[in-house]
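In the structure tokens that follow, the same protein chain appears in two forms, which are kept apart as structure 1 and structure 2.
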Structure 1
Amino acid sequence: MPQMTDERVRAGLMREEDLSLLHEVSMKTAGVSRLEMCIQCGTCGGSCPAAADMDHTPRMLFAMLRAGMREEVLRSNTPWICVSCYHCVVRCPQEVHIADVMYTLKSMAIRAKLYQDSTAPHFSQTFVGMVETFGRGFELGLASRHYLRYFPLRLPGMAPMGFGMITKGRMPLAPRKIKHMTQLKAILKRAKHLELTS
């Protein structure tokens, strides 16, 4: 069994900047990704409920990673279509943390400004913006900002739903804010600094 990438870095056997694309992705993933262990069996794509809408199945994407096809990988819609259902994760015979690798690829694509599907990153960023402002999610604000920008034609069809959600008290009109917002902001500021410098 080859040594895990981050162990090699920790042991001083290689520097992070020398790592290939595969290793870079592995390093940036939470936990031990086990990405290097993929045997290209295709169980992931076969288990995926959303594979039909993906540019590449996870298996194919991992082969591309191994081949160093950085731009093609980061342009793929696959990580954005992933619904985080973890079917592939529990079925993977090599126990690759596939869903977490998808999160890593999303963040790399945003940083490199290389993504084709433009609605998903906007949704994620709008969501995060709400959380960073209020400390809590705000569904009405999120939905209205996102739909107005990307799905204005969907709005009339959704009106009964939105009306129902509001009248049944399931969609508050104003956000709730946490008490210690300054504390949360300080934590996130330090975290972002650490993210850039590590």
Structure 2
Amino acid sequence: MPQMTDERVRAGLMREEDLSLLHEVSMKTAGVSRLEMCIQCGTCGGSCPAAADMDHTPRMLFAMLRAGMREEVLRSNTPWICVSCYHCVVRCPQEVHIADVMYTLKSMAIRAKLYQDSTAPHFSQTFVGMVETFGRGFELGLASRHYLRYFPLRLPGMAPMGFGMITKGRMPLAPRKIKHMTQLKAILKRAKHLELTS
């Protein structure tokens, strides 16, 4: 039986390890995640500027992965709170690619429809849709759609900043496609195919 540290007890990890979920997440993560190398030191949570808002620290989440707690992991807000600053990755003594694992968990939660709040998944899907259409993000369209859907009362307060960005040429009024969109579409199509077959 695994050692009952305070972190494991708080996560409800009283059962034997079931590494199938950990291996699944590791295999679905781009590159080499090194997830199985986590030694539960807590450096990730201690380095994270957003840890106070997470329902589980990354260390606890990885312990839950080891215990095969699929639903609890995918319902966690931790991957959605992660700001991808990579402080945890830089400071991890085992070089675990924590931020990349968080992207994988977000993707798995969306597929399983186990996320608790649709704000972040919707934002992510809108951004991906714009990249697939234009080859890049379109900030004005993304922000407008997101705020109209989730925070309509905040839009008037955002107007001065948006106007300043537009007048200084920092944010275009209309989306612009990149050159060679057919090549990007071929790359994205191949990536989706590899994701489905892996």
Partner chain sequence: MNKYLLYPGCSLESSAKAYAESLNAILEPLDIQLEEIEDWNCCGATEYLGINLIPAYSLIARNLALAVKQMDGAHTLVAPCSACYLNLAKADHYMQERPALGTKVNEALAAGGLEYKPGTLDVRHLLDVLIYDVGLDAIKKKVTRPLSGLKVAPYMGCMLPRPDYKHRWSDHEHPTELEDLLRVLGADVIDYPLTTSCCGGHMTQIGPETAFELICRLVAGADERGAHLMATVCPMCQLNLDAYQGEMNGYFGTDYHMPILFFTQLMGLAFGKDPDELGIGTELVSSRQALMHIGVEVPAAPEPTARRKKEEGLPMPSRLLRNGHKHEKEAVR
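Counting starts at 1 and follows the sequence of structure 1. Here the rigid core means the biggest group of C-alpha atoms that line up within 1.5 Å when the two forms are laid on top of each other. Everything numeric in this text was worked out from a predicted model, so none of it was measured.
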item: Structure number of the form predicted alone; value: 2
item: Core-aligned C-alpha movement of K189 between structures 1 and 2, 2 Å or more; value: yes
item: Large Cα shift (2 Å or above) at K179 between structures 1 and 2, core-fitted; value: yes
